[in-house]
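First, one chain by itself in structure tokens, the form predicted on its own.
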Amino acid sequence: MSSFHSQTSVVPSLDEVQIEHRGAVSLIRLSRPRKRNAINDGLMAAIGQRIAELPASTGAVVLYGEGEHFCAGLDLGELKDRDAVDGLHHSRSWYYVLRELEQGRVPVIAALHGAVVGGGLELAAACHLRVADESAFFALPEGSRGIFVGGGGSVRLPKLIGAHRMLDMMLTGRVYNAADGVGIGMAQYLVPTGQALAKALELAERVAANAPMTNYALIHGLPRIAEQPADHGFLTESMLAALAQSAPEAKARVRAFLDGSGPKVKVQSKP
């Protein structure tokens, strides 16, 4: 995987995106709390670099924000001197990073609290799982500010919540609280205030324990199959199934299940 820095002249603000490793889970922290973790080019470049430099031992990533908010979106101070050409390249630089997040080697789980707004919501939408605590709120204020989403939100968010819900948010400034946001698909899990990171870490540890090839097939295959005609999807599925089950780790897990030493499916409590 090439680094983000090789794709752009922006210097990554690595002090604003911290990384920590806990066994097979890597935690990436947006660390710009005085700006509500608003995204500028340096911060986005740093996210890209952190993702590019994940060690081989990482099986899952947790992305979260320091302070009272996950991410309040684009740092609007960066717009004031930007012309159309600069705006085009700015969006393309975001696409590169968020594609690496979404289509990388391992699943990414976002822990959401406080503001998940504008570009922050676009960032969360590029993750594979999202955990929101009860303090989280979701908004797309670009419409009221005379701008348009530019971080892939018009592609990813309609797949999560529907095009007309996104249209409503941008036209009217509608804000969803955590419970309503989870209800329409902004996130998959709702937890009490202050518990999003713990829940995301719990999920990441579970995900990292899966066979790596299965995780890779899931995060790359399912989104593509969902957009393919049925006959194409069936073929893609069969090829991924054959590939996943041929991995040595998969064979060992099947043998463990058959001899009774492997884990069994159990009913879990409501998330």
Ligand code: 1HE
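All values derive from a computational prediction rather than experimental measurement. Heads up: residue numbers just count along the shown sequence, starting at 1.
Beyond the structure shown, there is the form predicted in complex with the named molecule, which is absent from this document and is the topic of what follows.
- Heavy atoms within 4.5 Å of the named molecule in the model of the complex are found in exactly one of 181-189, 159-167, 116-124, 195-203, that being 116-124.
- Contact with the named molecule in the model of the complex, defined as a heavy atom within 4.5 Å, is made by none of His128, Gly233 and Met239.
- Contact with the named molecule in the model of the complex, judged by any heavy atom within 4.5 Å, is made by just one of Val61, Ile47, Ala38, Val207: Ala38.
- Residue contact check for Leu74: one or more of its heavy atoms lie within 4.5 Å of the named molecule in the model of the complex.
- Contact between Ile147 and the named molecule in the model of the complex is found at the 4.5 Å heavy atom cutoff.
- Looking at Glu142, you'd find a heavy atom of it within 4.5 angstroms of the named molecule in the model of the complex.
- In the model of the complex, the named molecule lies farther than 4.5 Å from every heavy atom of Phe138.
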